[in-house]
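Next comes just one chain, in structure tokens: the form predicted alone.
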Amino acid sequence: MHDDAWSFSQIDTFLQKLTPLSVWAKDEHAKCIVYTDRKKLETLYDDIDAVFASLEASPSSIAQDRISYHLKRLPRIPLTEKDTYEIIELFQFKKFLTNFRAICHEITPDIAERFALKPVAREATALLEQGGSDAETFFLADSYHPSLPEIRKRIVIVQELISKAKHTRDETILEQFDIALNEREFVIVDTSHVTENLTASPLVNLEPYDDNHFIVKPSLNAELIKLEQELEKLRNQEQLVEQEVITELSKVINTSLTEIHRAIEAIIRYDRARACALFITSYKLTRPCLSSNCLTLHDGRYIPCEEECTALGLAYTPLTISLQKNTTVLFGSNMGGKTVALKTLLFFQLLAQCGFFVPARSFETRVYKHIRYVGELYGERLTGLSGFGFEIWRFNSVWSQVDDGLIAFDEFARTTGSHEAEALLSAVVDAYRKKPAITSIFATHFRGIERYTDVYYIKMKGLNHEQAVACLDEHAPLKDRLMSINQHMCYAVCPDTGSDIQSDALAIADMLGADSTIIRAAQTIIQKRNTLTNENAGKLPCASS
């Protein structure tokens, strides 16, 4: 499962940009499949590489516009055999096959070969194209059956005779009674029009409508009755022949369904690869390397955060990080960027295991069976459990279910007391360092975590205190103060030795206008506690491996 990691990483906001154009590939894209087969992933990467190379070799925008047009025009079609398809379904088959053939014509030979994009169901395509001059029309043309032209010709003749007979009849009624029917079935007239001659006339029938009006209907005569009967007979003949045509067309389509299924699979594969390849240059995407057991990211750009920073006019720092051991503890103050660092790692791992390139200078990792997140989710509402209870419930599900995976913990045990939290978090870190098949990373602001020799301890570099204080404007509005914090906060990762005693939290509180007396008192308390800790450090045993 990856649902929590998916939500936490906000990967959807970037995957929307990679949405393919055809309805078939969109359906596949919407499944959000996270692959755990390395061979499958390498094939997906190869597909993207091939499409991108083709785009670079033949960068014609006109050809790409045409391909985009035809991909969008591929309709949904029935995927199982039917004895007889509806007319609208025949039209959809024609539209699919015609647009598919156009795509095959536009792509380069190497892409056609790689994705098996070659015209299919040639007989069905040729037959369906008799029913209209372009992909957007279909009708049962005369050419589909030798009887159709004569039947339809006779229908037209009879319709003209009926129209002529009605016109003659209506002209007579207009001349004699000043009532204009104009080949309508009836008209409503005022009682002033109803004369003795009108009532007695065999040309019309009268029916009361209300107290002041009558319905006037033209009477059927022998000539019209005969013509109407002949038209009905011809219509029945046409319908029988058309049904015969539909049955034959349906048989041809059914024999082609296997080929059509392969065409849909080829379109899904090509459209998906093309969607990513088109963004390689603009987003500086690179192919993930899946050969490494060490998760290493160089200049990884977490697109949701980067775009948000750009919109706010804030600087964005790409993430470079290497998880040198299977268990990592990432320290950092609030607002220091550690949560974004976790989001970035999950974003990249999920993107890579969805089969896409990633926005980084390089990304090396392995394929994980599970990608999980333990922590608070945006907008989450706890029901029936305390915050701590909910944390433990979520932790238990990961602990019992994940035997091979990447797990990110954000501020685990934050909802209990700091001493208990540090003890519990230390125990959890100790447990996970003994699980080599799991890569775990714990982001925390608690500093009293046990140190183990086979755990990698890193931290966010955090605030440049001297520069931040030097630039502090006590009268600046909140927006400017937040901007200043961003400008002097270093969102890079570095090793943590455990010797840094500066507090980003106090510096940030100071920059946001907290009372200076309170800030100084807090600094004094921290210094006293650090002194006691250093004095007792030599008396306590170190955690061993």
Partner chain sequence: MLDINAFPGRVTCITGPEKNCGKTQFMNYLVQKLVRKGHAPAVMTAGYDGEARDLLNGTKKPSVYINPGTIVVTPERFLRTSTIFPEILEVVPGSTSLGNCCIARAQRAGTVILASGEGNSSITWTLTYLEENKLAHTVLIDGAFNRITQVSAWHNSQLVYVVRVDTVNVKKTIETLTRLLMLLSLNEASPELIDTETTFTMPDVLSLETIHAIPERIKTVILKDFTRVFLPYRELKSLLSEKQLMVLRKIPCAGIPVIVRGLSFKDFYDAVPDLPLKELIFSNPYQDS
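Given the structure is predicted, the values throughout are model-derived calculations rather than measurements. Numbering follows the first chain given and starts at 1. Between two forms, the rigid core is the largest collection of C-alphas that superpose within 1.5 Å.
Just so you know, the form predicted together with the partner chain exists too; it's not on screen, but the next bit is about it.
Residue in contact with the partner chain in the predicted complex (any heavy atom within 4.5 Å), chosen from I155, L257, L203, A112: I155. Just one of G387, P208, G417, G313 comes within 4.5 Å of the partner chain in the predicted complex, counting any heavy atom, and that one is P208. Within this chain, H213 lines the site of the partner chain in the predicted complex, having a heavy atom no more than 4.5 Å away.
Proximity of K343 to the partner chain in the predicted complex: non-hydrogen atoms within 4.5 Å are absent; the residue sits far from the partner. Under a 4.5 angstroms non-hydrogen atom cutoff, the partner chain in the predicted complex lacks Q176 among its neighbouring residues.
In the predicted complex, Q239 approaches the partner chain with a heavy atom inside 4.5 Å.
Of the stretches 316-324, 396-404, 129-137, 286-294, only 129-137 has residues with a heavy atom within 4.5 Å of the partner chain in the predicted complex. Residues of 363-377 placing a heavy atom within 4.5 Å of the partner chain in the predicted complex: none. After superposition on the rigid core, the Cα atom of S133 is displaced by 2 Å or more between this form and the one not shown.
H193 shows a C-alpha shift of 2 Å or greater between this form and the one not shown [criterion: core-superposed Cα displacement of 2 Å]. Relative to the superposed rigid core, R73 undergoes a CA displacement smaller than 2 Å between this form and the one not shown.
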